[in-house]
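The same protein chain appears twice below, in two forms, each given on its own as structure tokens and labelled structure 1 and structure 2.
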Structure 1
Amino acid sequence: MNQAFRHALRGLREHTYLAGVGAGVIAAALVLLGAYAMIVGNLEAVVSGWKRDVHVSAYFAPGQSAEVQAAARSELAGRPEVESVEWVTSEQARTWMLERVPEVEAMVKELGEGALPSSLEIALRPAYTSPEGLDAFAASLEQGGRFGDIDYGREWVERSGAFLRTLTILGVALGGILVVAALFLVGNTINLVVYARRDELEILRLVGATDSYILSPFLVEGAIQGVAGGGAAVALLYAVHRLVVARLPEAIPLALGEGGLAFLQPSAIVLLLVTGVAIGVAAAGLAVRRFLSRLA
């Protein structure tokens, strides 16, 4: 292994330009992958935050007394699905409406004191904010006849989930295309290195060197190029991330909360580096095996 590493370093010194090109191709592919992963990760964080804000509005049926409404609030507050429950009386709803939409004051007065029904504003725990969980919870509220109408954002939850699933599928497709393209380009670059060293490789084959002995230095070179490309990609992504956060101090918090635009998670960084190494090793292996098959 030490010998393969020494041969790999010698090869990199002798063909620095081509090694740099290979690492650059890997870095370019990983920058695109990393940028996409960062965008999807932040979008998932945003949607997750919105899901935490998903709530159910349960409007009491006409004729429900204050005692019944208070009992319903206490009962729901004890359910495992419920994070919190706020009791909004008819008077509070009326005041809220007139403060925010003063234009409807005449219409509300014409409808009378009971125009806006009392309600319970129910915040659910994240585990129960799926479309199925919302349906089940709403169905349970409809039993007993205490509530005249149940309002919840099932359609929005479905659409946000479908949006994220579409992004994930597109990411897998984009990642596959970029990895194949990087393999092709890095493989062609290593082909040039193999061609430049063809006399040395032919002599090694003539003196009885095994394919693994010939191949191992190139695999090490590919791994080094992968690490260099992955490291360069992570550094570039971090620089762009810092630049974006510095330039958009006001716009980003509006969309992504106080934490701003998040950088890649450590697991994603490790995955990028591993992907870079895998591309370099696979491209080197394919290029050298193709050359050795011609000598057979």
Structure 2
Amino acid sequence: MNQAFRHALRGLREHTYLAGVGAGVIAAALVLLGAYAMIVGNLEAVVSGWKRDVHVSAYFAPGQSAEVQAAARSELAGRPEVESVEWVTSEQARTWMLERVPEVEAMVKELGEGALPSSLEIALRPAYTSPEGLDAFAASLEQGGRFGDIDYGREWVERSGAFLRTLTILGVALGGILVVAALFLVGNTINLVVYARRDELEILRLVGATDSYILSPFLVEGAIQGVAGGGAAVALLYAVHRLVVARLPEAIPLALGEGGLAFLQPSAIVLLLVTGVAIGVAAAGLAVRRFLSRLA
């Protein structure tokens, strides 16, 4: 192993340009994959935010006592579908309304104390936010006559669900194409890099080197090129991310949520580097083996 490492360093020193081309192509492939991961990650965060925002407003029917309302709250809080329940009294609703829309103050006063009904604002767990899950939950609330109206924005949920499904299909298809393109790009380049060193392989074969002896330094070189390519890709993605964040119109970070456009998670960065090493090692291994199989 020590010898393979030494030979790999010598190979990189002797063929700095070729090694740079190999690392550069790995970096290009990983930039594609990293950018894709970043876009999908941010879109998923947006969609998760939408899912978290799905909530049911259950307005109490007129005449429900505070005890009944409190009991309804406790009962709902204990249900498995429910993430949280907030009890909004008629007075709180009135205050909220007047704070945000002061123009309607005269109208609200005219309608009197009970103009805005008390309600329960129910947030559901993500597993229950499908249109069917919401329908079933709303239907269960309608029984018993405690609630006069139930609002849960079914159309919005349906649209966001359809969007998410399309996104998933597109993501898988695009991700697959990118992976194949990246492997093709790296594979062909490393093939050329190995071909440029065919004399070395041929001589090693002639003096009695075993295939594993010949292959080991190339694998180490592939790993080093993978780490270098991965590092370069992460650095480039970070620079582009900073540039994009600095130039984004203010409205776009709002649409993306509080965090704005997020960079890759640390685990994704590690995964990118590991992928770089795997691509480098696999491409070098395949190219050298293919070449050796053609050699005498």
Partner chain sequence: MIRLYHIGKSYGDRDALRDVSLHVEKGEMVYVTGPSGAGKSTMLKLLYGAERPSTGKMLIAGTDVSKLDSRQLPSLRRNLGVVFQDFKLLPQRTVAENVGMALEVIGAEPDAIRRRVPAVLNIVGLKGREEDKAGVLSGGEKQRVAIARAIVNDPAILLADEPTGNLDGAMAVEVMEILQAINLRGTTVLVATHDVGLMDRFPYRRLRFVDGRLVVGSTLGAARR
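Since the model is a prediction, treat every value here as computed from it, not as a measurement. For the two forms, the rigid core is made up of the largest set of C-alpha atoms that agree within 1.5 Å on superposition. Structure 1's sequence is the ruler for residue numbers, which start at 1.
- Structure 2, not structure 1, represents the form predicted in complex with its partner chain.
- Put the two forms on the same core and the Cα of V68 is off by 2 Å or more between structure 1 and structure 2.
- Core-superposed comparison between structure 1 and structure 2: CA of S216 displaced by less than 2 Å.
- The Cα position of T89 changes by 8.6 Å between structure 1 and structure 2 once both are aligned on the rigid core.
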